[in-house]
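Next up: just one chain, as C-alpha coordinates, the form predicted alone.
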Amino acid sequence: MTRMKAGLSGLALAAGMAALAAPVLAQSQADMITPIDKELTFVFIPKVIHPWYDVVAEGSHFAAAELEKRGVKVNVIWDQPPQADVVDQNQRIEANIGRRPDGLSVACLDQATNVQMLKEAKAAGINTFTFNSFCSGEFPFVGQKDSYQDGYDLGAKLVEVLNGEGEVGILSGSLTATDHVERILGFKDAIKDHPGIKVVFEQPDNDVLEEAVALTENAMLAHPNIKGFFGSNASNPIGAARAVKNAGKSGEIAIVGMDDLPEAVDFVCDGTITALKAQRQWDIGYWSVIYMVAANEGHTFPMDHNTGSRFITKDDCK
(Lines give C-alpha, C1' and ligand atoms only; values in the text may rest on other atoms or scores of the structure.)
Protein backbone atom coordinates (compact mmCIF):
# COMPACT_ATOMS: atom_id res chain seq x y z
CA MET A 1 0.00 0.00 0.00
CA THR A 2 1.40 3.39 -0.94
CA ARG A 3 1.84 6.09 1.72
CA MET A 4 -1.03 8.16 0.14
CA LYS A 5 -3.43 5.22 0.23
CA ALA A 6 -2.45 4.43 3.78
CA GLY A 7 -3.04 8.00 4.79
CA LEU A 8 -6.48 8.08 3.14
CA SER A 9 -7.39 4.79 4.79
CA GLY A 10 -6.38 6.18 8.16
CA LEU A 11 -8.45 9.32 7.63
CA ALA A 12 -11.46 7.30 6.59
CA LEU A 13 -11.13 5.06 9.65
CA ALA A 14 -10.77 8.05 11.94
CA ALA A 15 -13.79 9.72 10.37
CA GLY A 16 -15.81 6.54 10.77
CA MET A 17 -14.89 6.21 14.44
CA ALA A 18 -15.72 9.89 15.06
CA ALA A 19 -19.10 9.45 13.42
CA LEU A 20 -19.87 6.50 15.69
CA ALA A 21 -18.80 8.39 18.78
CA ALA A 22 -20.50 11.74 18.01
CA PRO A 23 -24.24 12.36 18.50
CA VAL A 24 -26.37 12.29 15.38
CA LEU A 25 -26.89 15.97 14.43
CA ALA A 26 -28.69 15.48 11.15
CA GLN A 27 -32.47 15.94 11.36
CA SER A 28 -35.09 14.80 8.91
CA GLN A 29 -37.03 17.74 7.47
CA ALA A 30 -40.21 15.85 8.32
CA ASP A 31 -39.18 15.90 11.98
CA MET A 32 -39.06 19.71 11.88
CA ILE A 33 -42.81 19.96 11.22
CA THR A 34 -45.01 20.58 14.25
CA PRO A 35 -48.09 18.34 14.28
CA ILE A 36 -51.32 20.26 14.83
CA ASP A 37 -53.29 18.77 17.69
CA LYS A 38 -55.65 21.66 18.43
CA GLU A 39 -58.28 23.69 16.63
CA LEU A 40 -56.84 26.70 14.84
CA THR A 41 -58.53 30.07 14.60
CA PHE A 42 -57.80 32.42 11.70
CA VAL A 43 -59.18 35.96 11.52
CA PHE A 44 -59.60 37.91 8.28
CA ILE A 45 -60.06 41.69 8.48
CA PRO A 46 -61.01 43.18 5.09
CA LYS A 47 -61.34 46.86 4.25
CA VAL A 48 -65.14 46.84 4.33
CA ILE A 49 -68.20 44.59 4.11
CA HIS A 50 -68.44 43.99 0.38
CA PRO A 51 -69.58 41.27 -2.07
CA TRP A 52 -66.02 41.12 -3.41
CA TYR A 53 -64.85 39.74 -0.07
CA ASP A 54 -67.68 37.21 -0.04
CA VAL A 55 -65.83 35.35 -2.79
CA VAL A 56 -62.58 35.50 -0.81
CA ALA A 57 -64.50 34.08 2.15
CA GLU A 58 -65.82 31.23 -0.02
CA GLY A 59 -62.24 30.24 -0.84
CA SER A 60 -61.20 30.43 2.81
CA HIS A 61 -64.09 28.23 3.96
CA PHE A 62 -63.41 25.71 1.18
CA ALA A 63 -59.80 25.42 2.37
CA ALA A 64 -61.01 24.89 5.95
CA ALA A 65 -63.38 22.11 4.85
CA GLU A 66 -60.60 20.48 2.84
CA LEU A 67 -58.23 20.63 5.80
CA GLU A 68 -60.81 19.13 8.15
CA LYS A 69 -60.84 16.00 5.97
CA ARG A 70 -57.12 15.72 6.72
CA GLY A 71 -57.74 16.05 10.46
CA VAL A 72 -56.88 19.74 10.81
CA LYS A 73 -59.74 21.77 12.30
CA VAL A 74 -59.70 25.44 11.27
CA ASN A 75 -62.19 28.08 12.42
CA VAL A 76 -62.30 30.98 9.94
CA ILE A 77 -63.65 34.27 11.29
CA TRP A 78 -64.37 37.33 9.16
CA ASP A 79 -64.29 40.54 11.20
CA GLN A 80 -65.57 43.07 8.67
CA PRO A 81 -65.87 46.86 9.09
CA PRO A 82 -69.28 48.08 7.83
CA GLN A 83 -67.57 51.04 6.14
CA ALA A 84 -64.09 51.68 4.78
CA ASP A 85 -62.95 53.44 7.94
CA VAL A 86 -59.28 53.39 8.96
CA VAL A 87 -59.94 53.91 12.68
CA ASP A 88 -62.52 51.12 12.77
CA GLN A 89 -60.24 48.71 10.94
CA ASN A 90 -57.29 49.41 13.24
CA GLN A 91 -59.49 48.94 16.29
CA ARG A 92 -60.47 45.53 14.97
CA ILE A 93 -56.83 44.62 14.40
CA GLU A 94 -55.99 45.72 17.96
CA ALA A 95 -58.88 43.76 19.44
CA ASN A 96 -57.81 40.61 17.61
CA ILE A 97 -54.23 40.98 18.78
CA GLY A 98 -55.67 40.68 22.28
CA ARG A 99 -57.58 37.52 21.30
CA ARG A 100 -54.34 35.89 20.03
CA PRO A 101 -55.66 33.92 17.04
CA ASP A 102 -53.40 31.39 15.34
CA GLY A 103 -53.42 33.52 12.19
CA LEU A 104 -54.41 37.07 11.27
CA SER A 105 -54.78 38.33 7.71
CA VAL A 106 -55.54 41.97 6.91
CA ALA A 107 -56.49 43.80 3.70
CA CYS A 108 -54.71 47.09 4.27
CA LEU A 109 -56.84 50.21 4.05
CA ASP A 110 -54.19 52.65 5.27
CA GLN A 111 -50.61 51.56 4.76
CA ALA A 112 -48.96 53.77 7.39
CA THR A 113 -51.17 52.95 10.36
CA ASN A 114 -51.93 49.36 9.35
CA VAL A 115 -48.24 48.45 9.18
CA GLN A 116 -47.71 49.64 12.75
CA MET A 117 -50.63 47.52 13.95
CA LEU A 118 -49.40 44.50 12.00
CA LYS A 119 -45.95 44.87 13.57
CA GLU A 120 -47.63 44.72 16.99
CA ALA A 121 -49.48 41.55 15.96
CA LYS A 122 -46.26 39.93 14.78
CA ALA A 123 -44.44 40.96 17.97
CA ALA A 124 -47.24 39.31 19.96
CA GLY A 125 -46.37 36.00 18.27
CA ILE A 126 -49.34 35.94 15.88
CA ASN A 127 -48.81 34.55 12.39
CA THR A 128 -49.53 37.80 10.55
CA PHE A 129 -50.45 37.91 6.87
CA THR A 130 -51.91 40.41 4.40
CA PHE A 131 -54.25 39.92 1.45
CA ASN A 132 -55.93 41.84 -1.38
CA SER A 133 -54.20 45.21 -0.74
CA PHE A 134 -50.41 45.06 -0.40
CA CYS A 135 -49.10 46.71 2.77
CA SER A 136 -45.45 45.85 3.42
CA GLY A 137 -42.85 43.27 2.43
CA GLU A 138 -42.48 42.44 6.14
CA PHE A 139 -45.63 40.32 5.98
CA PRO A 140 -46.62 37.48 3.64
CA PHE A 141 -49.06 38.69 0.98
CA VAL A 142 -51.67 36.81 -1.07
CA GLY A 143 -53.36 38.73 -3.87
CA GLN A 144 -52.87 40.70 -7.05
CA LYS A 145 -49.75 42.67 -6.23
CA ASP A 146 -49.43 44.63 -9.47
CA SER A 147 -52.39 46.96 -9.10
CA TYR A 148 -50.52 49.60 -11.10
CA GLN A 149 -50.52 47.30 -14.12
CA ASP A 150 -54.26 46.70 -13.83
CA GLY A 151 -54.86 50.46 -13.91
CA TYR A 152 -52.47 50.87 -16.82
CA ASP A 153 -54.12 48.09 -18.81
CA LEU A 154 -57.58 49.59 -18.27
CA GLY A 155 -56.32 53.05 -19.22
CA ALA A 156 -54.83 51.67 -22.43
CA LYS A 157 -58.14 49.93 -23.19
CA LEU A 158 -60.09 53.17 -22.70
CA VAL A 159 -57.69 55.07 -24.96
CA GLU A 160 -58.18 52.39 -27.62
CA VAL A 161 -61.97 52.44 -27.38
CA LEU A 162 -62.14 56.26 -27.52
CA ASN A 163 -59.58 56.45 -30.32
CA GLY A 164 -57.47 58.75 -28.14
CA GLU A 165 -60.11 61.49 -27.85
CA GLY A 166 -62.60 62.44 -25.15
CA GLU A 167 -63.30 63.65 -21.65
CA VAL A 168 -63.12 60.97 -18.96
CA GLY A 169 -63.87 60.60 -15.26
CA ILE A 170 -62.18 58.65 -12.46
CA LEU A 171 -64.01 57.01 -9.55
CA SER A 172 -61.11 56.70 -7.13
CA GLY A 173 -62.42 54.37 -4.41
CA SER A 174 -60.66 54.80 -1.05
CA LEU A 175 -57.90 57.40 -1.10
CA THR A 176 -55.72 55.51 1.42
CA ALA A 177 -56.01 51.99 -0.05
CA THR A 178 -52.74 51.14 -1.82
CA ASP A 179 -54.39 49.05 -4.53
CA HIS A 180 -56.84 51.82 -5.44
CA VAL A 181 -54.08 54.46 -5.44
CA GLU A 182 -51.76 52.36 -7.61
CA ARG A 183 -54.49 51.60 -10.13
CA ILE A 184 -55.16 55.30 -10.56
CA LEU A 185 -51.44 55.96 -11.05
CA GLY A 186 -51.32 53.25 -13.70
CA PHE A 187 -54.43 54.59 -15.42
CA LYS A 188 -53.03 58.13 -15.56
CA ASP A 189 -49.70 56.89 -16.91
CA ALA A 190 -51.53 55.00 -19.67
CA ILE A 191 -53.37 58.10 -20.87
CA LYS A 192 -50.67 60.74 -20.32
CA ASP A 193 -49.23 60.42 -23.84
CA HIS A 194 -52.66 60.95 -25.37
CA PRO A 195 -53.43 64.69 -25.09
CA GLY A 196 -56.86 64.14 -26.60
CA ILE A 197 -57.91 62.28 -23.43
CA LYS A 198 -58.75 64.75 -20.66
CA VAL A 199 -59.62 63.86 -17.06
CA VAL A 200 -62.44 66.24 -16.12
CA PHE A 201 -63.68 64.45 -13.00
CA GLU A 202 -62.01 62.52 -10.14
CA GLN A 203 -63.79 61.70 -6.88
CA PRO A 204 -63.56 58.98 -4.17
CA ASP A 205 -66.63 56.79 -3.69
CA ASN A 206 -65.19 55.08 -0.59
CA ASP A 207 -66.16 51.65 -1.90
CA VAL A 208 -69.85 52.52 -1.56
CA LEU A 209 -71.95 51.54 -4.57
CA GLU A 210 -74.61 54.19 -4.02
CA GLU A 211 -71.94 56.91 -3.88
CA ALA A 212 -70.52 55.69 -7.19
CA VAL A 213 -73.95 55.96 -8.79
CA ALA A 214 -74.49 59.50 -7.49
CA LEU A 215 -70.99 60.66 -8.43
CA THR A 216 -71.39 59.34 -11.98
CA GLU A 217 -74.75 61.06 -12.35
CA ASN A 218 -73.20 64.33 -11.15
CA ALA A 219 -70.26 63.95 -13.51
CA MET A 220 -72.54 63.44 -16.51
CA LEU A 221 -74.55 66.54 -15.58
CA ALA A 222 -71.44 68.68 -15.07
CA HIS A 223 -69.69 67.32 -18.17
CA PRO A 224 -72.31 66.46 -20.81
CA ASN A 225 -69.59 65.53 -23.31
CA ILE A 226 -67.94 62.96 -21.04
CA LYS A 227 -67.06 59.82 -22.98
CA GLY A 228 -65.63 57.40 -20.45
CA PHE A 229 -65.20 56.36 -16.82
CA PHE A 230 -62.51 54.42 -14.98
CA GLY A 231 -63.46 52.58 -11.78
CA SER A 232 -60.64 51.71 -9.38
CA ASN A 233 -62.48 49.11 -7.28
CA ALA A 234 -65.18 46.47 -7.56
CA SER A 235 -68.09 48.77 -6.68
CA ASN A 236 -67.63 51.77 -8.88
CA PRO A 237 -67.82 50.17 -12.34
CA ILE A 238 -71.24 48.87 -11.30
CA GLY A 239 -72.24 52.29 -9.96
CA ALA A 240 -71.07 53.99 -13.15
CA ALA A 241 -72.88 51.42 -15.28
CA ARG A 242 -76.16 51.86 -13.39
CA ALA A 243 -75.99 55.63 -13.88
CA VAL A 244 -75.02 55.41 -17.54
CA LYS A 245 -77.69 52.84 -18.33
CA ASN A 246 -80.37 54.82 -16.47
CA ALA A 247 -79.39 57.85 -18.56
CA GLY A 248 -79.91 55.82 -21.76
CA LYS A 249 -76.23 56.12 -22.69
CA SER A 250 -75.11 52.49 -22.71
CA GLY A 251 -72.61 52.11 -25.52
CA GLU A 252 -72.15 55.88 -25.82
CA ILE A 253 -70.07 56.26 -22.65
CA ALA A 254 -67.30 53.68 -22.19
CA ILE A 255 -66.66 52.21 -18.73
CA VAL A 256 -63.60 50.26 -17.63
CA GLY A 257 -62.90 49.04 -14.12
CA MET A 258 -62.07 46.29 -11.70
CA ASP A 259 -63.35 42.83 -10.92
CA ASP A 260 -66.05 40.39 -11.91
CA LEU A 261 -68.93 40.73 -9.49
CA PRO A 262 -72.04 39.22 -11.14
CA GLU A 263 -73.73 42.57 -11.84
CA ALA A 264 -70.54 43.94 -13.38
CA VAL A 265 -70.28 40.93 -15.69
CA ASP A 266 -73.94 41.37 -16.68
CA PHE A 267 -73.14 44.96 -17.63
CA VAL A 268 -70.21 43.74 -19.75
CA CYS A 269 -72.47 41.30 -21.55
CA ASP A 270 -75.13 43.92 -22.30
CA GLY A 271 -72.51 46.37 -23.57
CA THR A 272 -72.70 48.96 -20.76
CA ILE A 273 -69.24 48.14 -19.36
CA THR A 274 -66.46 47.90 -21.95
CA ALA A 275 -63.87 45.91 -20.00
CA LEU A 276 -62.96 44.65 -16.53
CA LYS A 277 -59.75 43.39 -14.98
CA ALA A 278 -60.81 40.57 -12.65
CA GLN A 279 -58.78 39.40 -9.68
CA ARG A 280 -58.94 35.84 -8.38
CA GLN A 281 -60.62 36.36 -5.02
CA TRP A 282 -61.42 32.70 -4.39
CA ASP A 283 -57.75 31.77 -4.74
CA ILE A 284 -56.81 34.57 -2.34
CA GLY A 285 -59.02 33.13 0.40
CA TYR A 286 -58.01 29.53 -0.26
CA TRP A 287 -54.25 30.08 -0.23
CA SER A 288 -54.36 32.47 2.73
CA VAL A 289 -55.78 29.67 4.89
CA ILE A 290 -53.35 27.07 3.52
CA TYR A 291 -50.36 29.31 4.27
CA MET A 292 -51.56 30.18 7.79
CA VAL A 293 -51.80 26.45 8.52
CA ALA A 294 -48.29 26.03 7.09
CA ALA A 295 -47.04 28.76 9.41
CA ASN A 296 -48.52 26.96 12.41
CA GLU A 297 -46.90 23.67 11.36
CA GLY A 298 -43.47 25.15 10.75
CA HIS A 299 -43.61 24.69 6.97
CA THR A 300 -42.17 27.26 4.60
CA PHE A 301 -44.56 29.40 2.56
CA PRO A 302 -44.14 32.20 0.01
CA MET A 303 -43.85 35.80 1.15
CA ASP A 304 -45.57 36.90 -2.04
CA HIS A 305 -48.23 34.82 -3.80
CA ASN A 306 -49.31 36.99 -6.72
CA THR A 307 -52.70 35.63 -7.77
CA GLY A 308 -52.86 37.94 -10.80
CA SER A 309 -55.80 39.21 -12.83
CA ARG A 310 -57.39 38.82 -16.26
CA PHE A 311 -59.37 40.87 -18.77
CA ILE A 312 -63.10 40.34 -19.20
CA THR A 313 -64.81 41.76 -22.29
CA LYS A 314 -67.99 41.01 -24.20
CA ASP A 315 -66.12 38.26 -26.08
CA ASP A 316 -66.16 36.28 -22.82
CA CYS A 317 -69.97 36.33 -22.73
CA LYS A 318 -70.35 33.90 -25.63
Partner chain sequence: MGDKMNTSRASLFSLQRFWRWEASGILVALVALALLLSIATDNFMSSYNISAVARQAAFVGLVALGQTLVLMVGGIDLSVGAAAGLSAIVGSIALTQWGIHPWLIVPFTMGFGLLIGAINGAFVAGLRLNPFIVTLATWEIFAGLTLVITGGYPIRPLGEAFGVFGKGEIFGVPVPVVIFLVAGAILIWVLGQTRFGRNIFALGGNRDAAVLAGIRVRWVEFAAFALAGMFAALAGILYASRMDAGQPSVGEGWLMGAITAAILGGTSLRGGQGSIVGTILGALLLAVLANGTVLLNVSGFWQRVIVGAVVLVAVLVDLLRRRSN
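Positions refer to the first chain, counted from 1. In this text, all values refer to a predicted model and were calculated from it rather than measured experimentally.
If you look for the form predicted in complex with the partner chain, you will not find it shown, but the lines that follow are about it.
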| item | value |
| --- | --- |
| Residue (of 199, 222, 161, 185) lying close to the partner chain in the predicted complex, criterion heavy atoms within 4.5 Å | 185 |
| One residue of 137, 248, 98, 195 in contact with the partner chain, assessed in the predicted complex (non-hydrogen atom, 4.5 angstroms) | 98 |
| Contact test, all of 82, 86 and 92, partner the partner chain in the predicted complex, heavy atom 4.5 Å | yes |
| Any non-hydrogen atom of residue 190 within 4.5 angstroms of the partner chain in the predicted complex | no |
| Partner proximity in the predicted complex: residue 127 to the partner chain, non-hydrogen atom cutoff 4.5 Å | no |
| Interface membership of residue 156, the partner chain in the predicted complex, 4.5 Å heavy atom rule | no |
| Contact of residue 203 with the partner chain in the predicted complex (heavy atom, 4.5 Å) | no |
| Which of 175-183, 222-230, 142-150, 208-216 sits within 4.5 Å of the partner chain in the predicted complex, heavy atom basis | 175-183 |
| Residues within 4.5 Å of the partner chain in the predicted complex, restricted to 281-316 and counted by heavy atom | none |
